[in-house]
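Just the one chain here, the form predicted alone, laid out as structure tokens.
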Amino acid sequence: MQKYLLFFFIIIFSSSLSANIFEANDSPWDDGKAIDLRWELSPMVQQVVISRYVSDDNWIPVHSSTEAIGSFTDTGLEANTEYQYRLNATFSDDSLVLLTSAMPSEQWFYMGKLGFLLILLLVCLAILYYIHAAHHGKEFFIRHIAGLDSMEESIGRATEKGKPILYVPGISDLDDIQTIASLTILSHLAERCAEYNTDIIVPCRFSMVLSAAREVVKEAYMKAGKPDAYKSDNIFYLTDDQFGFVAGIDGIMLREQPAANFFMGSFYAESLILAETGFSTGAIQTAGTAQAHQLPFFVVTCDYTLIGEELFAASAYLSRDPQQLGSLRGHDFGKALVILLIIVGVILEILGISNLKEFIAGAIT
């Protein structure tokens, strides 16, 4: 009997010694900022503290546990830098110290972004499909945008009164997507003005916007078959100063008394100053911006307002170009997909299932 007990204790003792494992490895398929730590200790362990070496024999605790077998991922590290770790294990009558080290490195693909990749591929495929369908004659519904439908009314009123139209393409440079969208609307508006022999005035804040606006208006007059009616002096530079630019536009409104004002693009503190001055002259005013904090000022002072993404949809809405219509429809599919994922995610969270949230979380962090 004593032999069996001795054999039993030898097995337990040897297994407890062989179980003391502490490993550090680079986290796979990541951006090189994490290390995976794993330990296997005796079942009699009471406390496990893992520390990371800093400098001058200083160690900072990064994780603590009471489990004999466990794992932990240390994040927020620098790629291609070696890190040393120390495990302090406390037993009922003893203690144990284990050391290990590892170096995180970047992989060619970050698996945490897989959700983002799948969503991106779905949206891209949808855009390509809708562009292909639009080129083959498929009609897509786009809801009416009052601010764009009012262009004919504004041009007609300016023509009847013999007054010009004022168009302000925002206060940002060409590196702002809102300015690009504004110039697209300007192209359509300038073409209609050429057809009605109505002057259009375009003051610009930056030289690059000035050059682009002149080319856009010139091309619009050529498309309308009236290149000789184009007046380059009507598209001019004012100043780079924000409120100096606004003061110049206010002066134009008061002197020229335009029948219609268009404020399309990026606007900031000057939005209310511009819109109030235009309102005082009795002009029809149409504004559009993606700056959410300026929309209330335009809504209360202008006759029509393009809200947010309506400014970017204007190009497809006005031109009915198949490529732009298909792209717009594909982006709408992307928005619908995100809304669906949010709804499904909320339902799964209520049911206590977090798999979808964890899968998508890597795509947005």
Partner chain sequence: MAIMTTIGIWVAAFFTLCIFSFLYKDNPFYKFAEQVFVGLSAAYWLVYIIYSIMIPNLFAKLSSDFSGNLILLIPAALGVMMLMRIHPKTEWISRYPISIMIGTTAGISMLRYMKSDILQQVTATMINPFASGSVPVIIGNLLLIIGTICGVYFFYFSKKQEGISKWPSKVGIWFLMVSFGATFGYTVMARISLLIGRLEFLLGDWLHIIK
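This is a predicted model, so every value here is computed, not measured. Whichever C-alpha set is largest while still superposing within 1.5 Å between the two forms counts as the rigid core. Numbering follows the first chain given and starts at 1.
There is another form of this protein, the form predicted together with the partner chain, and it is not shown here; the text below is about that form.
Of the candidate stretches 162-170, 114-122, 94-102, 147-155, only 114-122 has residues whose heavy atoms lie within 4.5 Å of the partner chain in the predicted complex. Although the partner is absent from this view, residue 36 stays clear of the partner chain in the predicted complex, with no non-hydrogen atom inside 4.5 angstroms. Among residues of the shown chain, residue 60 is not one whose heavy atoms approach the partner chain to within 4.5 Å in the predicted complex. The shortest heavy atom separation between residue 43 and the partner chain in the predicted complex exceeds 4.5 Å.
In the predicted complex, no heavy atom of residue 26 sits within 4.5 Å of the partner chain. A heavy atom within 4.5 Å of the partner chain in the predicted complex is found for exactly one of 269, 229, 224, 133: 269.
In sequence order, 335, 336, 338, 339, 341, 342, 343, 345, 346, 349, 350 are the residues of 335-350 having a heavy atom within 4.5 Å of the partner chain in the predicted complex; the partner itself is omitted from this view. The Cα shift for residue 328 between the shown form and the other one, taken after rigid core superposition, is 2 angstroms or larger. Taking 2 Å as the criterion, residue 248 does not count as shifted between the shown form and the other one: its C-alpha moves by less than this amount when the rigid core is aligned. If you fit the rigid core between the shown form and the other one, you'll see the Cα of residue 223 move by less than 2 angstroms.
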